[in-house]
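Included below are structure tokens for two forms of one protein chain, each presented in isolation as structure 1 and structure 2.
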Structure 1
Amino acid sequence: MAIRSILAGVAALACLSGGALAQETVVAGALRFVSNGALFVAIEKGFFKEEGLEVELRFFQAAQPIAVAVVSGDIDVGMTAFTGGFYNLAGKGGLKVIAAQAREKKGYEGNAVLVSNAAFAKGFRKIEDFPGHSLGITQVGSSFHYQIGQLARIKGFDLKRVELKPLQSLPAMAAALKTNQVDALIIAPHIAKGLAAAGDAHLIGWYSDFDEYQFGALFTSPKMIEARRATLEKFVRAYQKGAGEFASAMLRLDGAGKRVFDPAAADPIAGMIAKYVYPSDPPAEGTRKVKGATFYVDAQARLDVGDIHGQVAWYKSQGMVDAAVDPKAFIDLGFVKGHTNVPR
């Protein structure tokens, strides 16, 4: 009996050791944004562990540093918004786009347009009022820069008449608006709603009311694909499951096209996301905030490829992306099936 017990113990230890060795670590860079909810849900639901992966999260304060960290090899994958700098790095062979993050889509709140109290009091009440005012952004070429460029195109005003103020980080942007150092921001809904609710700014519109576009992506480096493609395939499978759970629970619309939440389905998912986006808030408060700040995410993590081509074209027209950059060279369509709007 003693021998059997010893053998059973050895076998159990071997299984534990084998299980531990089977967990391969993938280092992922992201912002504490609801738009990364599919990633957080996949972690919380254990989808990565089912694939034999351990995800080590590293959080950043702006989009561009995530792309730089992937190129340098400090992280394995990144999830964030597209920027001019991202496209230049990708065009030089440093990055590969492999799946979708969030989209701006009509009917779903995405980034909000906020106006400072001082500017609002002086008559800045609508998108057409941007000329002659300042906009806080993270960096030149950021997603916020792109979005104001598209609003200028859609509303027919000269982008050069908007003073862009690079502030390097999202907290700095919020602080500048609160203290009236900038007149406006285009910023993620979870930050925007907090500023508006506190009386620190006025919300004058949602970007998705005016335009739809592929806001961000899951990306990696060519070296990572070459050395660990099978690992990335596992990562994407798990991530897609998270996207499916996210979309099912968080993106329901009623017959009038209004967002609705079934608490039994949405609250548990929102609670998982809140652990990462609002780690200091009580769970119930974090859950409420997540439900009020949910971006659209494709349920299969499919990219709007044609829109990425359009973004690159705009950045080129502004002199922020090299003319030789070709989206076909940095988008890898092999990890996710069914990407939409793929140019021939």
Structure 2
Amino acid sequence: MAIRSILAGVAALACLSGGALAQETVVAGALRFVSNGALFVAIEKGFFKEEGLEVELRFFQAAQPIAVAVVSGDIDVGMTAFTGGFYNLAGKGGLKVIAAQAREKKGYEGNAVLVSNAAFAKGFRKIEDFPGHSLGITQVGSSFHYQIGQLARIKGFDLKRVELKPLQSLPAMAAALKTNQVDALIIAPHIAKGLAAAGDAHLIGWYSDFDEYQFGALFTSPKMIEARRATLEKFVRAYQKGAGEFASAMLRLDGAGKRVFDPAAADPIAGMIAKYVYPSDPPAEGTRKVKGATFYVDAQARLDVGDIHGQVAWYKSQGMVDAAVDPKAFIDLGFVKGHTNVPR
């Protein structure tokens, strides 16, 4: 991995000195999720090419391996949601957060809270009813785990009174809820809407109704920043343009503050994202699905830095993140201007 960095550095130098616009390759790892839409749009719109970059996408099946691949140098940048595991890895010095991915924001759909039919029938109607019920999550320390922790904090109930059931995968979570083996889920919007529409569960609220939070990020390794800072700056610039396109097309609000899609603007962008997220669906179907799964993304990919500090503090309080982990050390504020809520 050291050799690769050196080679890349040499390539970058050659590029600068020669002045020729040779394409430089950046390997990016991501999941096929709409929350990475800004990246896909930037690729489709040719923003990376304009910066002289060739992006080689690597798709993963789970979030954790993306972070590990960045640490090991197998990929140059990655995009995922924040998890306890991510913070522990970042705290050991292997990762640097450089720009924002999706965010939970009031007024925009994000993860939804679903209640099983059986639990709903017995009176589980609102967040306050969580104590004494079970919640299906993917894994310990996942973003779902964090979100139930925040709901508990906001609504003032003891998280220990919610029985957390790690189920490893989203399909397993959906299956467990349908068969009433867990009472509730916090889950991505497209799955939530599908289950609720089919009558398999009841949607009792959106997470963003109660809390805003920085869902995930674009990150790289310290070695990468050291060796190829200029390349990364170009990459982030192109990515920000993608985020801007995404936000203006997909995140419009009407006069009443309700999100609306203007087909003329949204459909082409949603179609681009659908190519990556739903590659096996017909374009029209994919476009429709993408619109139903859209998360809020900051138009300039700015991070809510204070929220990340808060997340780390909460994970630490639960014993899931090591006490030595310092968010300041793993966030590099230098790539994007105007990050919000930066602690002094």
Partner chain sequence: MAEPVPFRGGGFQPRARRLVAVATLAVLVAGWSLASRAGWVSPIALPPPEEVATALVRLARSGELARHLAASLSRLVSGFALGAGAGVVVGLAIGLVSLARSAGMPVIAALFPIPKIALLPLFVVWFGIGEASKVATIAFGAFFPMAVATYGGVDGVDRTLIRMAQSFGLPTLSIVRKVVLPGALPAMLSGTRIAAAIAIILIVAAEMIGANEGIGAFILAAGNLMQTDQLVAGVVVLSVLGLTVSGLIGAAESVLLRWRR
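Nothing here was measured: the structure is a model prediction, and the numbers come from that model. Basically, rigid core = biggest C-alpha set you can superpose within 1.5 Å across the two forms. Numbering runs along the sequence of structure 1, starting at 1.
- Matching the description of the form predicted in complex with its partner chain is structure 2; structure 1 comes from elsewhere.
- Core-superposed comparison between structures 1 and 2: the Cα of Asp200 travels 2 Å or more.
- Annotation for Asp158: C-alpha shift of 2 angstroms or more between structures 1 and 2, rigid core superposed.
- Once the rigid core is overlaid between structures 1 and 2, Ser72 does not reach a Cα shift of 2 Å, moving by less than that.
- In this core superposition, Ala176 moves its Cα by 4.6 Å between structures 1 and 2.
- Comparison between structures 1 and 2 places the CA of Ile186 2.3 angstrom away from its other position, after core fitting.
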